[in-house]
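Only one chain is included here, represented as structure tokens and corresponding to the form predicted alone.
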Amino acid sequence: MAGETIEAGKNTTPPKGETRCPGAPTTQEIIARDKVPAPAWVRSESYEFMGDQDIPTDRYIDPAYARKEFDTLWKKTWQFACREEHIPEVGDYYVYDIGPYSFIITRVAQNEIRAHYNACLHRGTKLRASGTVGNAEEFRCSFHGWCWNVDGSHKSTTCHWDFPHVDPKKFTLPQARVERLAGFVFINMDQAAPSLAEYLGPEALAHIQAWKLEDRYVYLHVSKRLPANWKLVIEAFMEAYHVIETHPQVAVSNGDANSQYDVYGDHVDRFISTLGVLSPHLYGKHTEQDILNQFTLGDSGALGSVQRTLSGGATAREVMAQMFRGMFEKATNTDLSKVSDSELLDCFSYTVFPNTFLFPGISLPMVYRFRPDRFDHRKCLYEVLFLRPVPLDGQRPAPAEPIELRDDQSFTEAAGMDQGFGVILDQDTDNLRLQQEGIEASAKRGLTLGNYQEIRVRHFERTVDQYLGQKS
């Protein structure tokens, strides 16, 4: 039985949280065999057992719980609002909404970005519509014409003679805090919050800085509303435990059950799921050639219809690393000779609490963002942004315009979406309506989690509890 060892004829159970997939190499053992070695941030481990009690389900189904999140969690956390490339010039702006709150993220100087609360100080009208981007010399209210400079200072009052009680020097647009990291613009409504560096912690910060994501650009941006609470949606992407059932087509080349899970402080966690290796669920059923074939044959193959045969004792993972290196160098016009096999192949997923996932690998260079629907706690907005390295000539392409899918559309219908990956996203999100409705119908008022493979879910909900002032 998994989780038990035999010693001197007796069954002994390892301490809670220490059990790993029996008979399978660990993620670190797989990566250690690679020809181009992985950097330190890949080779580290940071797991912590956090208990095994159920997670109460009221947090997913109670509208009062969602209102409390807006009043506490969302007002005190660092959130990815946009990329710097979305606002490259002075006067460029990007409207970021989270629930009832709205901000105009504005570049007010070459090296200064501000986040203005998006509301006129006269009678509250939004100064810029939600979902808009552009360039402005001023922010003028469409209702009565009150006007602010792009730095937030008050510019003019219509019929100023009727407002002797308004001091223009005191009528500056309120601001949220802004910090920049790796090409991302983060905001926080809490003026007393820790810095972004303190929030992330030294180890996670060092990982993010090592990726040089500031040297990438958004080449595809797809969004879709999903029929589930935002936390359920986030948690659907936090583990590889679901791969064998939800994505059986990729299990032949995904080390799902021996993926690695790590936590860093309160606000960051990750998994590393190795590719180019067989799922432990399928040991004895497939060969190394089968693993390679999945990526090189047929319409669903990641490399298209390319025939490759293993020889000389080479492994599928080794050959795939070589192929990926050449393919991505050609596709992106970049030099990847010093990038490790693991960074080329493996899925690295980092959660930056509360609503951002960073995928720094080369084969899956993505960002996920999740935002609750302010009017319906049973729905949320899911966005995926795909990143590519800036070409060697240094010319940064403009970020892709967002593609907004209808609720009934497949991710495969988004122009530019890899069809195989679009199917995977459909499989992930098709489960969510069933989960939301199942939790509401269930007589069991808690979710039971695995000690290791679902530690990111427990870690995430523990931090939610901390912001809402609840016991974990």
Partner chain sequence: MADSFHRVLSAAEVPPGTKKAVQVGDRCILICNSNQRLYAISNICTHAEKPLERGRMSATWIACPTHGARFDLATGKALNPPAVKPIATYEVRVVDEWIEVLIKEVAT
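Just so we're clear, the structure is a prediction, and the values are computed from it rather than from any experiment. Positions refer to the first chain, counted from 1.
What comes next is about the form predicted in complex with the partner chain, which is not displayed.
*Could you check which residue among 308, 281, 154, 140 gets a heavy atom within 4.5 Å of the partner chain in the predicted complex?*
Comparing distances to the partner chain in the predicted complex, the residue within 4.5 Å is 140.
*Just give me the single entry in 108, 133, 181, 193 that has a non-hydrogen atom within 4.5 angstroms of the partner chain in the predicted complex.*
Exactly one residue meets the criterion: 133.
_Residue-level contact is defined here as any heavy atom of the residue lying within 4.5 Å of the partner chain in the predicted complex; does residue 127 satisfy this criterion?_
Judged by the heavy-atom cut-off of 4.5 Å, residue 127 is in contact with the partner chain in the predicted complex.
*Does the 4.5 Å heavy atom contact test between residue 86 and the partner chain in the predicted complex come out positive?*
Although the partner chain is absent here, residue 86 would touch it in the predicted complex, with heavy atoms inside 4.5 Å.
_Heavy atom of residue 93 within 4.5 Å of the partner chain in the predicted complex_ = Output for residue 93 is yes: heavy atoms within 4.5 Å of the partner chain.
*Looking at the partner-bound form in the predicted complex, is residue 376 within 4.5 Å of the partner chain by any heavy atom?*
Residue-level check for residue 376: no, no contact with the partner chain.
*Heavy atom contact within 4.5 Å of the partner chain in the predicted complex, the stretch among 140-148, 348-356, 232-240, 160-168*: Single hit among the candidates: 140-148.
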